[in-house]
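Just the one chain here, laid out as structure tokens, in the form predicted on its own.
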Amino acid sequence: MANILVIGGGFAGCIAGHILSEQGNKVTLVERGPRLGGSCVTDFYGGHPYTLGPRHFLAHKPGIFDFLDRFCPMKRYEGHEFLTYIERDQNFYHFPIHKDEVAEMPDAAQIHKELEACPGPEGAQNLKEYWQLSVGDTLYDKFVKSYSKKMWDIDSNSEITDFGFTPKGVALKSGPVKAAWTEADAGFPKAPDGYNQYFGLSTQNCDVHLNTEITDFDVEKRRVEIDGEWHTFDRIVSTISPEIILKNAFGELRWSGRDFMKVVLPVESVFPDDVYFLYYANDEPFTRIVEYKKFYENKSPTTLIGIEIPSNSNKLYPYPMKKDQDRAQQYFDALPEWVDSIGRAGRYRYLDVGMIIDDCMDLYGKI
């Protein structure tokens, strides 16, 4: 039996604590906040459940959905769609960009000409080149250019060099299905308070310390300082940003955050039936609007929407630029082998719930 410290009680910390404690290890979980779950906690406003941004479940590997469903009963989603508002066209279009909708655009002739000339994204050196080589200048300008620049507060999308993905898997979608995700298990908890009950269940065999700040780190000696006392462990599992536990040895990592506005509207619902997200790719300050009834399916004569505005007020999205990823790798290379850095903050990667579970299961095995 190993004596293991888990730093952080967000989704990654709870999953790690669950798996490791079920294997018979002594697990101490330290969370500086007053509750477990991090940004995946469901709160209520005006009687409506919500999280700080949609915390839906996505997984591309078989078995990940079933794992969570055993402990947190889940419902599957099929066919949910995302729309992007293009102000210059005064119209909403599906995202990923759908080939069939090009004909509806006022500049369709120019777009078709560019699509025919597109060589494909092979050889692209940055996000701007990826999209231009995939769909041409016009669609890139409409859907991607302003959105990505305001999301990351950058002057040019050529700065984004970690681009081996697109937000929904493809640059240009075709065929009869306009759903955003067609090759992944997608879902959300059935419970009216989302994942909340799982956070307690997953850590019931852990020694949990809330409102507890780790004031110093000495990972070379496998120990941390809490309230003036040093505590030593066989293994450390960190779900916080790696520069924290290595005391900014290589400089701070950059993060993009979100300010979150909650708005209750006097109607039962506002989005079309199959639409879950609305993206805004123009010069408005917000990037996305979510209607939370789409996930929780709560019954009410009113509805809650969440409006997301990029900011520096918190740390939610790691920067996908080479200089930032290279700096993060310096930290990973410097961590002793008895320290695991996991989760979105720990990996400094844009991981969602399903990816975090997959990450932990790869490291620690299945229950």
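Quick caveat: nothing in here was measured; it's all calculated off a predicted structure. For every residue, the number given is its place in the sequence shown, counted from 1.
Below, we refer to the form predicted in complex with a small molecule, which is not included among the displayed structures.
Although the partner is absent here, residue 328 is not a contact residue: none of its heavy atoms lies within 4.5 angstroms of the small molecule in the predicted bound form. Interface membership of residue 32, defined by any non-hydrogen atom within 4.5 Å of the small molecule in the predicted bound form, is confirmed. Of the heavy atoms in residue 56, some are within 4.5 Å of the small molecule in the predicted bound form. Proximity of residue 317 to the small molecule in the predicted bound form: non-hydrogen atoms within 4.5 Å are present. Residues placing heavy atoms within 4.5 Å of the small molecule in the predicted bound form fall in a single listed stretch, namely 37 to 45, out of 320 to 328, 37 to 45, 65 to 73, 297 to 305.
Between the small molecule and the residues 208, 214, 111, 278, the one pair within 4.5 Å by heavy atoms in the predicted bound form involves 214. Checking 293, 288, 128, 173 against the small molecule in the predicted bound form, a heavy atom within 4.5 Å turns up for just one residue: 288.
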